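Shown here is one chain on its own, the form predicted alone, set out as structure tokens.
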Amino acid sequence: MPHQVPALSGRFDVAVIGAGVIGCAIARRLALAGARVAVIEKAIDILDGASKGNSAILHTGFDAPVGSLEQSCIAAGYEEYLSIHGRLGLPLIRSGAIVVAWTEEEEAILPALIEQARQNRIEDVEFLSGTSLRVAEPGLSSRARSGFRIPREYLIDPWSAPFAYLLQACENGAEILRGAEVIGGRRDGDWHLETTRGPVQAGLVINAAGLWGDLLDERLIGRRDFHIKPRKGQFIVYDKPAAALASHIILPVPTKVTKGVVVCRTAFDNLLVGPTAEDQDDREHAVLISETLALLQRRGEEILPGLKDHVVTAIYAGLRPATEFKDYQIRSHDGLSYITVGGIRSTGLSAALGIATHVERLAGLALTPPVAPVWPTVPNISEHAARDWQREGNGGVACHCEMVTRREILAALEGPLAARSLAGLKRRTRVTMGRCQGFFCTAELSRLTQDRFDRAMAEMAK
């Protein structure tokens, strides 16, 4: 068992409940504003809920409802990511996106979508005829009728970004308590939260609990203004040679319920197809369904026929915290020193930094920012820049499919956000996420991670 970090002590200005991408971004924003921040996470590691599965796109928000809170947060988050990614060492791969109409009915919707993009100040969208589509994407099926291009959409690393946000928060004074479920709380001027790992005192509570946000509101303030209905998204990942089949992010015409099945490269040079959109009641388990995955694979091959010649190396599923409302559910509760940040669905990765700024305004705290804030740089695990295996003294490669070095693994097991589970280590390094899915490196990993995880790898296999 790893050394247990003691429960948090003293008074915090803010307690952020939930260490998904939204909680990580809020913690960063408020720590940089000068707040003493506590982050409380139910799971043993960060990014273990809705944030562990998404499409890894930095989205312009071209198709968000005009004038919505979602649109404004995406726009602000997009701009801030562009401005800070270099200082934090985060990847940014400009691919552009194309929206493709496959039916006459979808084709009829394109002019309205282009106008919506322009109302959202995405003015460089460009209509593409069927011929122009195939020039832009030669591997696209001949059944594509027409579409439009959004040039400034990007591919990013879905896990390094929130990791960097929370690491910067910690480097500027924030503290994190993992494996701690908030089981109650009362307010007498300050909030006194009761967690499974001890009490936490804070002036302001921010609920960023994702899939559990509505239930946490009910537990702490005795009401909930929305109901979470988890929406499962299943994905398939093709081996790296398939990435050559698509240069753009290929999007369908969105519906009122979902953005639909996306085909795109990843920052790790794989090719991704997904997600599905399946509403369910279970908030914890995203079960993979072989029949659904087969349909998803068939859909991917209808879009890019060349996929039939490539191998699927991984499948996964995630849950989005959908609600009965289309827009985000973010509000400050008068007189309670309590802010709810709920209903953040698939656009959360793009909007996170914008949401954090919005929440900072709602909080209205009078703070003094640090004179010289710390800007940590996170290790690069994407294929957009040099990797550790290309440098001297890395201890050798432990995972040959993803070229992960022993030095990278050992580094991920140290520091304020040390990996506490194999899943957490995967998200920090990509170890075991390649073609063999850990078949050849598990024994070495078990040795390197001995006494580092809450549950040893050998026990996980039982």
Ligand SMILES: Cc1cc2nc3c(=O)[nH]c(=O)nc-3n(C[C@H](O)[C@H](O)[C@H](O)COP(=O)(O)OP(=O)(O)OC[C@H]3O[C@@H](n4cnc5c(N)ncnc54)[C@H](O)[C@@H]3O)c2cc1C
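What you see is a predicted model, and the numbers here were worked out from it, not measured in a lab. Just count from 1 along the sequence shown to find any residue number.
Beyond the structure shown, there is the form predicted together with the ligand, which is absent from this document and is the topic of what follows.
Asker: Answer with open or blocked: the shown chain lacks the ligand, so superimpose the ligand from its arrangement in the predicted complex and check for 3 or more ligand atoms within 2.4 Å of backbone or C-beta atoms.
Answerer: The pocket is blocked.
Asker: Using a 4.5 Å heavy atom cut-off, which residue among T432, S421, S55, T405 comes into contact with the ligand in the predicted complex?
Answerer: Selected residue: S55.
Asker: From the list G185, P91, G233, G354, which entry has a heavy atom within 4.5 Å of the ligand in the predicted complex?
Answerer: Here the answer is residue option G233.
Asker: Just one of 387-395, 287-295, 125-133, 313-321 has residues with a heavy atom within 4.5 Å of the ligand in the predicted complex, so point it out.
Answerer: Single hit among the candidates: 313-321.
Asker: Is there any non-hydrogen atom of D48 lying within 4.5 Å of the ligand in the predicted complex?
Answerer: Heavy-atom contact with the ligand at 4.5 Å: present for D48.
Asker: Taking the shortest heavy atom distance, is W212 within 4.5 Å of the ligand in the predicted complex?
Answerer: Contact check for W212: yes, within 4.5 Å of the ligand in the predicted complex.
Asker: Report whether the minimum heavy atom distance between A19 and the ligand in the predicted complex is within 4.5 Å.
Answerer: Taking the distances in the predicted complex, the answer for A19 is yes, it comes within 4.5 Å of the ligand.
Asker: Check whether I344 has any heavy atom within 4.5 Å of a heavy atom of the ligand in the predicted complex, and answer yes or no.
Answerer: Although the ligand is absent here, I344 would touch it in the predicted complex, with heavy atoms inside 4.5 Å.
Asker: Can you name the residues of 177-209 that have a heavy atom within 4.5 Å of the ligand in the predicted complex?
Answerer: Residues within 4.5 Å: A180, E181, V182, A208, A209.
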